[in-house]
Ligand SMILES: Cc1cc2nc3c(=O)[nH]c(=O)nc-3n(C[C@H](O)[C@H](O)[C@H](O)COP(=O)(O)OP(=O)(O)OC[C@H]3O[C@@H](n4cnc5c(N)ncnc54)[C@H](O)[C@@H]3O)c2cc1C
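What follows is one chain in structure tokens, specifically the form predicted alone.
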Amino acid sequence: MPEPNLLVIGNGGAAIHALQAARASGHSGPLHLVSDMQGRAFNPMLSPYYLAGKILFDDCFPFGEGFYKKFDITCHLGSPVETLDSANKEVILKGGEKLPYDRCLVATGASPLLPPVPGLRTSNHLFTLRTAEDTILLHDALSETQSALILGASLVGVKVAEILVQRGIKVTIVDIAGQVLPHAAHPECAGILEAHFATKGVELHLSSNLERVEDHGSEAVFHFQGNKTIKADLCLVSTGVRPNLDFLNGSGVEIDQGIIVNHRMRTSVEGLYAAGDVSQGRNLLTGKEEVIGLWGNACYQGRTAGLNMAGQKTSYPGAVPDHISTLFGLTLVHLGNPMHQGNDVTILSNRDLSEGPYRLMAFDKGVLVGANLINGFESAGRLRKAMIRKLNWEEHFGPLTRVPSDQEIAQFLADVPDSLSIPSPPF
């Protein structure tokens, strides 16, 4: 019986790990990769480090030039997919070429989400940071930039703001939310960060609603609600992303915010898998299926899909939303959901960064469900594992009225092993 014909749509972390896993499992049949992008797989998480001059541009391509030849992959690069015909098991490319498959992985990632603001999309001063091309365009523009507006106080937006400030560029961060990092930081933690960013020269405009953008030669004018205007040479939009799903219209694939998959990365359609930012996977804390936009999560989902497509039987239990990043000299850790709400939720913090590392912890019925740490990341790994195991802190500490000390946390989590069934993300 011939080996199945495997086809992967996408050329990012999930796609590459799927192809590698399929070959590692012993699959010797056809392996096809289809992507609308040209060139090697790119890791967008490394873009800020290149812009900051900490790594070379070539380092943003972690799988190297010879990956596709090494694993005998037939590449169809620069070939956008128009339609996926799940009934006939074939992918139709732009131009009409048809590629049949026995099993197919959708790993098309996500694209920047641009707010529907008049004049924004057509502005000559608009930049995003998702692809290799985006990175080069922004890099080249910075040499002539004196002022920049960052639309979206996300982790990417704040990280780029730090890089621009270090280059002597005047930076304004604007967000419709009332705080920075609205999806990663508890409001109390965000307040500490905002005060710190201001000391570095960043101008913050929060709870600001952008109404329109007008280009005026070498700069753009941004008009906000309340007759407020801001002028800037450059605008970086970091307001989120949306999964690349348009080509699946009519395919019968079950889609919510992303493609619904099970623990083997199978979709609702026979022979079709999905992984990475285009899919919804299990959040180990909530038990719900969510889009978890983490490079490591995408890679593990891809590897799981590749093994199962090649005939193995393996599962990926899910992930915990987490992130660690240095922002203007402060190391911020985000674990789970620090903004968790409910009648049984207790939020504890030591409040004052001057007293040492800042720690905010959110508990639901005594179980840790979220945390923010500033300059105190040493315990992050064990806290993450305590969340996964749903350890009850009240059973150990009694009523939760204060943040446990580092020593108390170390003693409580002493029996938590250094490694669990949930592996650390690959790089």
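Everything numeric here is computed off the predicted structure, so don't read it as measured data. Counting begins at 1, following the sequence as shown.
There is another form of the same protein, the form predicted in complex with the named molecule; it is not shown, and what comes next is about it.
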* Kindly confirm or deny that 154, 187 and 237 each have some heavy atom within 4.5 angstroms of the named molecule in the predicted complex. => no
* Structure fact -> Answer key, the named molecule contact in the predicted complex at 4.5 Å (heavy atoms) among 48, 376, 62, 366: the residue is 48
* Asked: Between the options 71, 224, 328, 295, which residue brings a heavy atom to within 4.5 Å of the named molecule in the predicted complex?
  -> 295
* Does residue 109 reach the named molecule in the predicted complex, with heavy atoms at most 4.5 Å apart? -> yes
* **Proximity of residue 52 to the named molecule in the predicted complex, heavy atoms at 4.5 Å** => no
* Asked: Any of the heavy atoms of residue 84 lying within 4.5 Å of the named molecule in the predicted complex?
  -> no
* Tell me, yes or no, whether residue 9 is in contact with the named molecule in the predicted complex, where a contact means a heavy atom of each within 4.5 Å. => yes
* Work out which of the listed stretches, 23 to 31, 384 to 392, 357 to 365, 39 to 47, brings a heavy atom within 4.5 angstroms of the named molecule in the predicted complex. => 39 to 47
* Asked: Since the partner is left out here, which residues of 119 to 146 would have a heavy atom within 4.5 Å of the named molecule in the predicted complex?
  -> 129, 130
